[in-house]
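One chain comes next, on its own, written as structure tokens: the form predicted alone.
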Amino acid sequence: MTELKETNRVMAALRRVFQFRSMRDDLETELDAEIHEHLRRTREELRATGFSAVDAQREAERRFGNMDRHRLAMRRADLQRGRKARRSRLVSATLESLRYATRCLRASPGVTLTVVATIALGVGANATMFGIIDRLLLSPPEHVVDAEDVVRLHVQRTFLGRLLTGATISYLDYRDFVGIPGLDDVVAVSNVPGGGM
């Protein structure tokens, strides 16, 4: 029962943090009401001094100035205040969630130990696997100085117009590759099990 109350309290705090859209609509309504109230008061003061209704309206709008500019300035001020309030609520909700998690972890040390051990094993396994994959797939072999200059040569042989698969080369062919200008070192590799070059 206590956990359910605690969960409901946390969920309520999160809902308060993320109710930005309704706050924006409320802000627009408040801005309009504030501008209309200011214009109404100015009109009444002007009517009391002898202005007609139309002239009082025109003079109140003139005195107020550019309505869009004032609306934008008030909107900025309110949004800034709203951002600060949302940030404060987000921080308090996060701290509340952390306190709740800490209380739960303190209440059951066996579960805490299991969670910590699982996370430690997972991080260790990921680090180990990354080291293996980095060494095998991402990093060049240690004895290769300039990995971007390494090239692979394939030999294809044809016999009576047919391409031979798994063709091997002789030692003399290998020696011809060694003599090609621009190649510093040549290594022969065979994919044939127990096979030659």
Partner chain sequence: MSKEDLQLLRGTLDMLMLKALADGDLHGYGVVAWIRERTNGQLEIEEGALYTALHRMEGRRWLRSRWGISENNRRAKYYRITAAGRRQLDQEDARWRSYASAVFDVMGSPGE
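Please read all numbers here as calculations on a predicted model, not as lab measurements. Positions refer to the first chain, counted from 1.
Separately, the form predicted together with its partner chain exists; it is not shown, and the next lines address it.
- Though its partner chain is absent from this view, in the predicted bound form it lies within 4.5 Å of a heavy atom of just one residue from E148, E37, D134, E142, which is E37.
- Between 108-116, 71-79, 95-103, 122-130, the stretch whose residues reach within 4.5 angstroms of its partner chain in the predicted bound form through a non-hydrogen atom is 71-79.
- Residue contact check for F51: none of its heavy atoms lie within 4.5 Å of its partner chain in the predicted bound form.
- Contact check for D55: every heavy atom lies farther than 4.5 Å from its partner chain in the predicted bound form.
- Looking at L153, you'd find every heavy atom of it more than 4.5 angstroms from its partner chain in the predicted bound form.
- Using a 4.5 angstroms limit between non-hydrogen atoms, T168 is distant from its partner chain in the predicted bound form.
- Looking at 38-59, the residues that come within 4.5 Å of its partner chain in the predicted bound form, counting any heavy atom, are H38, R40, R41, T42, E44, E45.
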